[in-house]
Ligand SMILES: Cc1cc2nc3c(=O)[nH]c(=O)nc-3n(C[C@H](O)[C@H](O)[C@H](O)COP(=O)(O)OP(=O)(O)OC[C@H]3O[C@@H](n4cnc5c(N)ncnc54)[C@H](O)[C@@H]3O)c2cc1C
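Encoded as C-alpha cells, the following chain is the form predicted on its own, with no partner shown.
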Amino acid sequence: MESFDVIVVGAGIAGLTAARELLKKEPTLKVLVLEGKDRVGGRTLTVDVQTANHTTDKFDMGGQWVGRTQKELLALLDELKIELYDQYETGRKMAQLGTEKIRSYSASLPVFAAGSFTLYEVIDFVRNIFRMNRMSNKINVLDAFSWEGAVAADEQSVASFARSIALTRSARDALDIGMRAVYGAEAKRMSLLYHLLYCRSGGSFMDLVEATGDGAQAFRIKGGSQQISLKLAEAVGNERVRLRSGVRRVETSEGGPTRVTLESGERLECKRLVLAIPPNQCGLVEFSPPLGYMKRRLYDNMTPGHLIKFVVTYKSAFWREDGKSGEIISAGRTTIPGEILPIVCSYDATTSNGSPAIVGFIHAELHDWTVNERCNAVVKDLVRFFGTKALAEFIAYEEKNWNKEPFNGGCPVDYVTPGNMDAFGSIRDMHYGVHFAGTETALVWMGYMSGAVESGKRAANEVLHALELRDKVDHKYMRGSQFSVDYHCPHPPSDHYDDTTSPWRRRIFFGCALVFGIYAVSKKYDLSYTARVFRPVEKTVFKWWTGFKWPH
C-alpha cells in the first residue's frame, strides 16, 4: 500500500491551495492530490466558444467574478500573475419584476431606480434590504445561534420571510431572483438563518448581488478562472495530482494512519487527509468509524444549487451601441399560468480580447429540456429584452448544466435547508485524521473562490499543527479551527424553560388595584359607569395640562 504524509481529495481551488500551502511551508512532505474528474478546477471551468470573425475565445462556465473585498483571492491572483479587468456595467439595465412589463433603469440595482419603479415599490425594496442587512449584521459567523433571533430564523425559509415583510410583488420577485443567481436555489428551500450568515460572510446582501463598489461581480479574470487551478497544479507539481481517482471509502482513527479506498479499488495510506470537496459529495463517502450525528445530518441536508449557465456570442456588442449594459434581471413569470421564461439574470460577457457575448443563468425548471430547446428559449428571451439584433447577430450558444457534473452535484454552492443550521456548526470539525476544506467551510466570502482559498489555507495549517510542525503554522488562518487557541464550541439552539419571575404577575396586581380604585371613587361620588372610568383620567390630564386641580 502506497503511503503519504498528506492526501488531499479534490483538485479545485480549495484542495490545490491546501497542497500548495503545505509544500510551501514544508517541502519535504509527501503530498498527493486526488481528483475524481478528468480535469482540475472543481466548480470553475473555462471553455472555447466560437466568436466573431471565425475565431474562438475563452469563456467561464463556472465561477468567474472577483470582488474588491475578496482579499484572499486577490492575493492569490497576484502571486500567480493572473490579470483582472472590469465587469462592464455602463448603460441602462433591464428588469421584469412584479409584472410582465419590461422596465429599464440606470441605477446599480432596482432598489435605487425611482424613475422606473413606483415610489411605493422603491420604498419596499429599500425597506426589505435594510431590514435584511440589519439582521445579518447581528450574526456571528462562528456562532450563529448566539443571536437571539437565530432559532426563529432557522425555522423559516427565505421565501416565507419575504412574504411576511414585502408589500409588493416586485420586492418578492427581486429577492427570488437574487436567491436563484447567488445560490442556484429557490428561496422557499433555504434556511433564512443560512442566508443571513452567507450575507454576513460576504459583507451584505447588496455585496452579493452588485457589480459596482464592493460587489462580488466587480471584476473578471483575463483568460478565465480555471487557470487558477491549472497554475496551482503546476506549482504543486502535476506529478502529484492524480485525475480520475474518486474516493469511495475513508478509514481513520485517533492517532493512527488514515486509509483511502478509491473507486478503482486501489488503497492508499496517509497521516492526515484533507477532503476539499462539496459537502453533498462528502456525504457520499463511506467513513469508518462513521461520522458523528451532526456531521452526518449536515451532509444529508446540504443541497447543491442547480445552476445552468449560458454564454451567447455575437457579431458585435449591439447592446452597448443601444445604450444598454447587458444586465437583465427577470422573474420569468407571465400572465399565463405555468409559463416560465428562461433567463434569471445576465451580464455583458465581452472578453478582454473584445469578443462580444452575453452570459447568464437559466431557471432550474428547464433542466429537463434539451440543449436546443434551451438555446431557442434563451435567444427568444434575449430578443424580448434587447430587440431583434439578439437573433440577427447571433453566432453561438454554449451552456453548462452543473446538475449533471460528476463529483459536484451542482453549482455554485451547497446551501442549508430550514431547521438544520444547528448541524452547520460542525462543518469545519475534524473527524479523527480527516480535515475538511471547500468554500462552504470559509468564514469570509463563503461560497466564492476567495472562500475556497481561505478554506484551503486553514486546512493546510490544521495539518501542519497535527503533524507537530507548529512553528510553521500561520495562526491567522486557524480562526474557526478546533486547533485555534480561542476556539469555543458554537452555541446550540435553545428552547429551554425560563424559570425567572413572569412580569405579568406585577402587571395583573397593578391592573386590579387600578380597577378597584376607580370603582371605589365611583361609588363614593355616585358616578355613572362611563364617568367612573373616565373621570380619574380627566382629572389627571387636566392637572398635567393646566397645573390646577379639577374643580369640584
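When you see a residue number, it is the position in the sequence shown, counting from 1. Because the structure is predicted, anything quoted here is derived from the model rather than measured.
Beyond the structure shown, there is the form predicted together with the named molecule, which is absent from this document and is the topic of what follows.
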property	result
Contacting member of Thr351, Gln87, Gln281, Ser325, with respect to the named molecule in the predicted bound form [4.5 Å, heavy atom]	Gln281
In the predicted bound form, the residue from Arg200, Lys309, Arg259, Lys231 that sits within 4.5 Å of the named molecule by heavy atoms	Lys309
Within 4.5 Å of the named molecule in the predicted bound form, all of Arg103, Trp319 and Phe385 (non-hydrogen atom)	no
Ala11 within 4.5 Å of the named molecule in the predicted bound form, heavy atoms	yes
The named molecule contact in the predicted bound form: Leu193, any heavy atom under 4.5 Å	no
The named molecule contact in the predicted bound form: Lys37, any heavy atom under 4.5 Å	yes
Contact flag, Arg248 vs the named molecule in the predicted bound form, heavy atom cut 4.5 Å	yes
Heavy atom contact within 4.5 Å of the named molecule in the predicted bound form, the stretch among 459-467, 170-178, 92-100, 407-415	407-415
Heavy atom within 4.5 Å of the named molecule in the predicted bound form - qualifying residues of 41-68	Gly41, Gly42, Arg43, Thr44, Met61, Gly62, Gly63, Gln64, Trp65
